[in-house]
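In the block that follows, a single chain appears as structure tokens, in the form predicted on its own.
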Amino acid sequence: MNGFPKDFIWGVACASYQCEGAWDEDGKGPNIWDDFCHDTAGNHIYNGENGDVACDSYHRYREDVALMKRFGIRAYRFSVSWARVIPDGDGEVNEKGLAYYDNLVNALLEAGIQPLMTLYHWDLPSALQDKGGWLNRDIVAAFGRYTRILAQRFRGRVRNYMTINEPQCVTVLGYGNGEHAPGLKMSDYSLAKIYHNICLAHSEAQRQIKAVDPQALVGIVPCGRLCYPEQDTPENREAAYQATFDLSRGWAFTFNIVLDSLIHRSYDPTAPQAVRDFAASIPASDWERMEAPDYIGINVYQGDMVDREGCFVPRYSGFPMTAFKWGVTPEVMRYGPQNLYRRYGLPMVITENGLSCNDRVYLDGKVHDLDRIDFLHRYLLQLKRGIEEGAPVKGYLQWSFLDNFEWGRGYSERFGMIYVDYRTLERTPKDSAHWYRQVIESNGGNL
């Protein structure tokens, strides 16, 4: 195949807290990231920064959509701020908040861009966290109600939903080591309970969407360890597959802790004792309520190389790294989706892929980000090989369209194809935006 499959989805992505700003406007309630960032005594965020303004996409969404259209973007994955729609998470609906997403979706459709809606990208309403957050099983019903409100509002306009972004980050970083909001440190048993509630919440959300719009697609976007072989041999491929899903090597940041629950309705036997102890308390009725997604969203940044014995191969001195100090490992885009398809048998979308670069505006007024172009080129070539070898990947969404608030790193990391001057909020397209337009126009045939 010269390019990618016919009808391949080419797009970009961003998330509500990272780009919207307007943190307390038009009736929006506080969320856990507002609280986490405003807790300056906690020193949680680089340089004491926050998402109060971010990219100001709440006010500048038309400008952003016009830029997407200019650069040939065909799909935009965005997330909805739960507290903007329901300020306390489970009470009255904020019409002004819904109107913002109405306007955004309409602008995308008018520009010929497919809206891909993520329901939860980490910004839980503070009022729900006060009740225990994801540790409180009541959140399942609240998430289902919130989802139904959105599905009813956007029926016929949004046909592709993603329920929860990176449950592993929600759980491990938010409740395990405290690096992310809400900044808690809990036991493995509690983390297993949170994972279970997240899986039940996804399942309830999927049922609500399908009840409103049976033809809508519903996915979930997990993340975790993805391994690739040191050498392309059957033995080494098998070792990489086994290492990817071996919970005994570190259980919490794996794909299968979520996907096994939803698709296989069980936990992997390699799970640690705390997880098995929690699993023993799960009633059979809970497993019966699990809903397998229509597809799996995969956020891919870096992977782990393993040898034919399944041992992790240390990275050599001077290994290529991004500005964030994540490894440049394009091979993971070839083997990762194949391994996930082998285990779960579902189609996939690359819902995030990109890198942080030390971008700046040059003397000529342009942003020359050759590192990003090279990175994306390498990863897309490997993705193409993986698809040719049988991985049913239906689309690719670059992370991210705009430079934005990068969680604990504040504004120190630039992932965007569009440079944002955070003093003026001026947008400047980078060279990668022009390059990506050519990729889309050729359906990857120019790679």
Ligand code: BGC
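So that there is no doubt, residue numbering starts at 1 and follows the sequence shown. These figures come from a predicted structure and were not determined experimentally.
Below, we refer to the form predicted together with the named molecule, which is not included among the displayed structures.
Would all three of Trp122, Tyr301 and Phe415 be in contact with the named molecule in the model of the complex, where contact means some heavy atom lies within 4.5 Å?
Every residue of the candidate spot has a heavy atom within 4.5 Å of the named molecule in the model of the complex.
Spell out, yes or no, whether the shortest heavy atom distance between Asp56 and the named molecule in the model of the complex is within 4.5 Å.
The answer is no: Asp56 has no heavy atom within 4.5 Å of the named molecule.
Against the named molecule in the model of the complex, would Tyr61 count as a contact residue? Criterion: heavy atoms within 4.5 Å.
Tyr61: no, not in contact with the named molecule in the model of the complex.
Asp260: heavy atom within 4.5 Å of the named molecule in the model of the complex?
Contact check for Asp260: no, nothing within 4.5 Å of the named molecule in the model of the complex.
Even though the partner isn't displayed, in the model of the complex is Asn165 close enough to the named molecule, meaning a heavy atom within 4.5 Å?
Yes.
Spot the stretch among 22 to 30, 399 to 407, 47 to 55, 417 to 425 with residues whose non-hydrogen atoms come within 4.5 Å of the named molecule in the model of the complex.
Result for this chain: 399 to 407.
Counting non-hydrogen atoms within 4.5 angstroms of the named molecule in the model of the complex, say which of Tyr362, Phe319, Trp326, Tyr189 makes the cut.
The residue from Tyr362, Phe319, Trp326, Tyr189 that makes the contact is Trp326.
Considering non-hydrogen atoms and a 4.5 Å limit, which listed residue (Glu331, Asp369, Glu352, Glu204) is close to the named molecule in the model of the complex?
The residue in contact is Glu352.
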